[in-house]
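First, one chain by itself: the form predicted alone, in structure tokens.
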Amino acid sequence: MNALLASTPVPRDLPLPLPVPEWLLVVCLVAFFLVHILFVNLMVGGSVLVVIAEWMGLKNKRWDALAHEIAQTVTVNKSLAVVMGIGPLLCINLLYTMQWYSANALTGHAWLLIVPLVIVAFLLTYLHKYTWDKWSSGGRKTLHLLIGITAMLLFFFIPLIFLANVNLMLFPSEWEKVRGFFSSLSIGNVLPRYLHFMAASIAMTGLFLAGWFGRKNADLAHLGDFTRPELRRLFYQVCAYVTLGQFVLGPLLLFTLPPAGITTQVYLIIFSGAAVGLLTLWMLFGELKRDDTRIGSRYGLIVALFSIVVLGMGSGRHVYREAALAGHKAAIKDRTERYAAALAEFNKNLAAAPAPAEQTAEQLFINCAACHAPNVKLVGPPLTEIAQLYAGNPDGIVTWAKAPGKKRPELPQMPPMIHLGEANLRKIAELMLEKGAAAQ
């Protein structure tokens, strides 16, 4: 570990107190992140299902009507995803300031592009939603579908930027290898995590839509011949088969997980979550075997089991993050404490040192002599000219020296000399007027 940290950038922190206890920030981070990622899942997964259903609707209008209805949920979920993202962002800024901002800086342009990409994606989503009927009947259906695909692809790319940043902050020892966003994708196991996220988005959206269209007060009249049991079964199938695929992607994610944060506790959380996931999957396929009158009766239980799995994933992610960054956080704390001790010692010695002897006007004028000669123009005007401009007005010289402007285009602007102090500047001004008058 010591050898690893020796080659790792270790910034110095500012020893400022947290606004609330650290444990409360951790709880808020996990809870807020899970709520945020739920709506991100529904936004991303919803955009996928909208595009698929609209494409199927080119041959069968019933699917186009279903796609339009799903699109109504995407715009709501994307707004909630943005609003609910503020909480975890604030928490991670406070808990992992050094690592988070370092990762942001290393991914550079991609990180800065998030806001404009989000704006474009949202505008395209609204355009896609509100032009549905007009463009579908106006011979522009292909263009309408392409707009939906473009918005979907943007929704695919934006989470990848976030994921790359969150992943990169876990591995400070790899920071020096990063040369922008795309090189950061080779750090850790970004791509397996991304595939797992995408599959989770579709599965969660399937489960959500099974409940959304399966609720008793759902208005299905404009969905043609789709029935409530049929829609429940359809989206249960989406959820069940994609969740089954997660049991392939899950081991891939686990086996590619860098060992930096692997602990026994992480394994216990992962395998406990997998066990609950298997039970959830068994119940999902059991629901699919039920007849139309009974399908959906276990929806609440399935949602509860999914919630346990998701909570386990969120907790496991935080445990892994803490273990991966433990050494780096300790190194930052040690460097910060050593710097504070050195600064305190310096201030102590400075306070105990005798006051420096007062400098004479001649000694102080050394700061000005390189630019101002008695009667020869160097970088600045000669003292004879200064004496004529400020005759009997040393305070005018002091004012100018503290905040000089630029009067002569052929000469460079004088740097401010306020660091010398007003009393010393007054000595220099009086000497300049005396020398300038004598040289005339």
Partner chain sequence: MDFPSFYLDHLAGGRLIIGLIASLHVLINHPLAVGAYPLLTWMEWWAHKNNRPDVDLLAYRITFVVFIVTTTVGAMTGVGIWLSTSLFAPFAIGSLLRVFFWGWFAEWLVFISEVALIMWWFLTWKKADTHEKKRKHIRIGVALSIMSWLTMALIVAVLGFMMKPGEWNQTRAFWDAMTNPLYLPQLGFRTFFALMTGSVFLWFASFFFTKTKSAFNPEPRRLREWIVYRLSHVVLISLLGTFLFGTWYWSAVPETMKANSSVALLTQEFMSWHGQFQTLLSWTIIAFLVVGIGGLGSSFMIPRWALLIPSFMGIWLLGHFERAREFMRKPWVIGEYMYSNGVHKDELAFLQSEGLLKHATYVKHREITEANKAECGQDIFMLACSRCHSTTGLNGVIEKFTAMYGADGPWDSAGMQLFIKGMHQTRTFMPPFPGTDAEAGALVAYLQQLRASPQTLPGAQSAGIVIAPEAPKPAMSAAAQPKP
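Numbering follows the first chain given and starts at 1. Since we're looking at a predicted model, the values are computed, not measured. By rigid core we mean the largest C-alpha set that fits within 1.5 Å across both forms.
In what follows, reference is made to the form predicted in complex with its partner chain, a form of this protein that is not presented.
Checking Ala304, Ala275, Leu143, Val115 for any heavy atom within 4.5 Å of its partner chain in the model of the complex turns up a single hit: Val115. Only one of the listed residues (Ser315, Thr263, Ser102, Thr256) places a non-hydrogen atom within 4.5 angstroms of its partner chain in the model of the complex, and that residue is Ser102. Only one segment in the set 200-208, 265-273, 79-87, 293-301 has residues whose heavy atoms sit within 4.5 Å of its partner chain in the model of the complex; it is 79-87.
Within 4.5 Å of some heavy atom of its partner chain in the model of the complex lies at least one heavy atom of Ala342. Taking the partner from elsewhere, Ala429 is found to have every heavy atom lying beyond 4.5 Å of its partner chain in the model of the complex. Taking the partner from the other structure, its partner chain in the model of the complex has a heavy atom within 4.5 Å of a heavy atom of His109. Contact check for Arg179: a heavy atom falls within 4.5 Å of its partner chain in the model of the complex.
Along 118-138, a non-hydrogen atom within 4.5 Å of its partner chain in the model of the complex is carried by Val118, Ile119, Phe122, Leu123, Tyr126, Lys129, Tyr130, in order along the sequence. Pro21 shows a C-alpha shift below 2 Å between the shown form and the other one [criterion: core-superposed Cα displacement of 2 Å].
Core-superposed comparison between the shown form and the other one: the Cα of Cys368 travels 2 Å or more. Comparing the forms between the shown form and the other one, the C-alpha position of Lys348 differs by 2 angstroms or more, with the core used for superposition.
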